[in-house]
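Single chain ahead, written as structure tokens, the form predicted on its own.
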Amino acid sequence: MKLEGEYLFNGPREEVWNIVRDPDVLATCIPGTQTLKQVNENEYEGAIGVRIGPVNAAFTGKLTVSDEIPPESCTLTAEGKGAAGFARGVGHVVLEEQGSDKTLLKYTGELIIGGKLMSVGQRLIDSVGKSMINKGFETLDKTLATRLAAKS
């Protein structure tokens, strides 16, 4: 499954980078996240639960951040497995300044899913995936607004 999209954050690029790299913030912003802990500077382990159609899926796995150019870009590699199957993906994230108070996040990537989870169909998986990404970005933007207000 190909992933591609963008999201306009209401804040400066440096601040967006800081929240994207904060594991405590990410744990509250990724829908279905049960746990997320930082293992080292660029690696995280966690558990997530998702419902896709009739299938409830719980995954444990890891997320690795590489090729970082703060606060411009990074590559994310994720691997997870559970009773319903597995998921592996890699994505590239770029943050572009849009004036002094807006940041455009662009992402591209690919996700491979296997196991029982594939029985629900590609269209449903795509729909749930896009919904999770959008909800995550909206929650990150709200967290960003709260942090920026606290600094004012």
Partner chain sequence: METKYFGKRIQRNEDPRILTGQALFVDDVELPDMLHATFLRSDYPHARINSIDISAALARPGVIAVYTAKDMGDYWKPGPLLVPAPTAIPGVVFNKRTQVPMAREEIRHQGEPIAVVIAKSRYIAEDALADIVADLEPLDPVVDVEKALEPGSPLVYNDLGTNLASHVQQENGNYAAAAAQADVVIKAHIVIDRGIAGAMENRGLVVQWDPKSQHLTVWATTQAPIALRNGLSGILGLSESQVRVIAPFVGGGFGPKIMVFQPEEVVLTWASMKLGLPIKYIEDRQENFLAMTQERNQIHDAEIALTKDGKILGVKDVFVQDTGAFNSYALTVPLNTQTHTTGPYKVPNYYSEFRVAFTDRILVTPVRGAGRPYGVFVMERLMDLAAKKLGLDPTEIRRRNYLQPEEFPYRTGIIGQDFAKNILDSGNYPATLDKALEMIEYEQFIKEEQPKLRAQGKHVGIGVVTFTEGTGVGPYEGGRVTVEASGKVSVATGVGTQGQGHYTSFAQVVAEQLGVPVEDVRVVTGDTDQFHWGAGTFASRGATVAGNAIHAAASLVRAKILKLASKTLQVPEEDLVLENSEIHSATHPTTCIPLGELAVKANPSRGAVEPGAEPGLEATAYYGPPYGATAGGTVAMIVEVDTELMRVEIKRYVIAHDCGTVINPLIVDGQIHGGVSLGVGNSFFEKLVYDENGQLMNGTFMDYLIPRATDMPYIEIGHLSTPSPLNPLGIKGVGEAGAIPTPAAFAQAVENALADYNLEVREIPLSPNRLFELLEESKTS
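Numbering follows the first chain given and starts at 1. Computed from a predicted model, the values in this text were never measured in an experiment.
Not pictured, yet referred to below: the form predicted together with the partner chain.
In the predicted complex, G99 stays away from the partner chain, with no heavy atom inside 4.5 Å. Using a 4.5 Å cutoff between non-hydrogen atoms, P31 does not count as a contact of the partner chain in the predicted complex. Q122 belongs to the set of residues with a heavy atom inside 4.5 Å of the partner chain in the predicted complex. Within this chain, G115 lines the site of the partner chain in the predicted complex, having a heavy atom no more than 4.5 Å away.
Heavy atoms within 4.5 Å of the partner chain in the predicted complex map, among the stretches 86 to 94, 22 to 30, 99 to 107, 61 to 69, onto 86 to 94 alone. With contact defined as any non-hydrogen atom lying within 4.5 angstroms of the partner chain in the predicted complex, the contacting residues in 46 to 83 are P54, K81, G82, A83, given in sequence order.
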